[in-house]
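In structure tokens, the next block holds one chain alone, the form predicted on its own.
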């Protein structure tokens, strides 16, 4: 039996001892933790103390409780999926994304009308409550089991100039890019990435383990004058995916010299 002699609440002492066992490799990643009875005997504590310790480690993201199976040490391995956030264009004008063929749609896309929020309005350089066309997709990668939530938001003021954008707001992004270039726009893109804890519906939809953050990507398509045209959002479990970018140097404008 391991002695618990650290200061602090008893369950915190047990949690610290289990944490040390995990970090030292005694309890390996993806392995099943000892049962409650075994942990009670190991540390000489009551069942409620063990349960509180497990709850604390679960909140830290060190373990994952699988109902009917027990508590497992979370994996410390590499994410299952690497997503290239690159856009290429073929000689015939077709836009291609490296991961475009990876995803399958698990259900019919949802098309709707909505309005800008404070956050989406800032990204689209619009005020709040501006009208938008929206499309939500639930994506699935069959090779890794990774799920992702994809959203497209198109301002009505943009769709007015290209009616097909509003008539079919659930086209694939590459199809939108082609429509916009055919309309005379020279496109550029900007993208922000942030990590945050999921909302309850996101956690359920993405089937995330406890204490798992999501990556929230916001990609804005701009026209020649840098005006935002379309906003795409991708939400995915941070334990399942990593992002990779190809970065090129912009050409700086030549400095003007005085005569």
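Residue numbers count along the first chain shown, from 1. Quick caveat: nothing in here was measured; it's all calculated off a predicted structure.
One more form of this protein should be noted, the form predicted in complex with the DNA, which is absent from this view; the next part is about it.
Just one of 36, 26, 191, 201 has a heavy atom within 4.5 Å of the DNA in the predicted bound form. Which one? That would be 36.
Review point. Out of the stretches listed (191-199, 39-47, 225-233, 212-220), which one is close to the DNA in the predicted bound form, meaning heavy atoms within 4.5 Å?
Key: So the stretch in question is 39-47.
ask   = Looking at the partner-bound form in the predicted bound form, is residue 10 within 4.5 Å of the DNA by any heavy atom?
value = Yes, contact at 4.5 Å.
Residue 56: touches the DNA in the predicted bound form, heavy atom cutoff 4.5 angstroms:
Residue 56 lies outside the contact set for the DNA.
task = Please run the contact check for residue 208 against the DNA in the predicted bound form: heavy atoms, 4.5 angstroms, yes or no?
result = Contact with the DNA, no.
In the predicted bound form, residue 181 touching the DNA (heavy atom, 4.5 Å)
Contact with the DNA, no.
The DNA in the predicted bound form - contacting residues of 103-121, heavy atom within 4.5 Å
None of them.
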